[in-house]
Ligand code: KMH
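The chain below stands alone and is given in structure tokens; this is the form predicted on its own.
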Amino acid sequence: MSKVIISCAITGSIHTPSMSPHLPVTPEAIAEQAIGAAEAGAAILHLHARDPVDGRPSADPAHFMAFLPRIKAGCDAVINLSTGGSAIMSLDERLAGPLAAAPEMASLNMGTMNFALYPMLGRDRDWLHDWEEPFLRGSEDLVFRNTPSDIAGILQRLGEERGARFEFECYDLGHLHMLAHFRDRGLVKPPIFIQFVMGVLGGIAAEPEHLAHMKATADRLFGGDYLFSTLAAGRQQMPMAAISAGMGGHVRVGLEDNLFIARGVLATSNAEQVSRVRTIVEGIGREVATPEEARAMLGLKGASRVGF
């Protein structure tokens, strides 16, 4: 089996600052934790931006540019920017930062879906900022829009025009068929990098049987033209990563997906999660890919051709 690409999602747009003091929200913290994750073995850094004043999700190019050059100067990892931003943003807002940065990689959600975060309100906490509780509560009536027209536009503007390749985020079986549709239209070309996203309320649950079915479906649709990685939101993060690596796939960890390192124990950094999953990967006899090996596997344009 090929070497394992470890992706690390540094901050995301799901967890709020009150949930963990270790969640990076300032440019300095995002850059420091991203570089630390790369040093621990992450070949790909999946990045969102935050407003440094109160930690709310942002796609402002200025917020991205406050940490992207620092990360590029501090490590050679592949920088992968989110086009999902936050489900409460318009498509233009979500794309503002990635279009300005023209990264090597960008994430691309393959379907419109419910994206329910409100179950995280079940735990009593003191909120640091007044936006956090309404943000989570509002997800009970939230649709995360990713229409075929939206997807085609992102493929054109970031892919064709700026040379980015994509982490295709598939939250359910229908998203794999949508991806195959764009492959058939000639808008997606191999090697195709699929991220099986599991455990988000609104998408497929993080269960081994579901992962096996997702992979079998992708095998049938894409044959040898794709690579897959798996992320599981929450407590199934490491178990599902182990299964993914054992199936010949790649893995994603990070504080975007899970704030904990063990039951009831907050992870103190993204690097801690990367180190844990690296131990798992190497423990089953697989090697971890370097950033340059990941670039070759995914057909990326190289760090010298980005906009930062």
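Start at 1 and count along the sequence shown; that's the residue number. Values in this document were obtained by computation on a predicted structure and should not be read as measured data.
Beyond what is shown, the protein has a form predicted together with the named molecule; the following relates to that form.
Looking at Val78, Ile194, Ala164, Val197, which is the one with a non-hydrogen atom within 4.5 Å of the named molecule in the predicted bound form? If I apply the 4.5 Å criterion carefully, the residue I get is Val197.
Go through Gly203, Gly84, Gly111, Gly97 and name the one with a heavy atom inside 4.5 Å of the named molecule in the predicted bound form. After the contact test, the surviving option is Gly84.
Can we say Thr16, Arg50 and Glu132 each have a non-hydrogen atom within 4.5 Å of the named molecule in the predicted bound form? Not one of the three qualifies.
Could you tell me if Glu256 has a non-hydrogen atom within 4.5 Å of the named molecule in the predicted bound form? Yes, Glu256 is a contact residue.
I'd like to check something about His250: if you look in the predicted bound form, is any of its heavy atoms closer than or equal to 4.5 Å to a heavy atom of the named molecule? No, His250 is distant from the partner.
Whether Ser107 contacts the named molecule in the predicted bound form should be assessed with a 4.5 Å heavy atom distance threshold; does it? Yes, Ser107 sits close enough to the named molecule in the predicted bound form that at least one of its heavy atoms falls within 4.5 Å.
In the predicted bound form, is there a heavy atom of the named molecule that lies within 4.5 Å of any heavy atom of Phe115, even though the partner is absent here? Phe115: yes, in contact with the named molecule in the predicted bound form.
Given the stretches 169-177, 135-143, 218-226, 184-192, which is the single one in contact with the named molecule in the predicted bound form, using a heavy atom cutoff of 4.5 Å? In short, 169-177.
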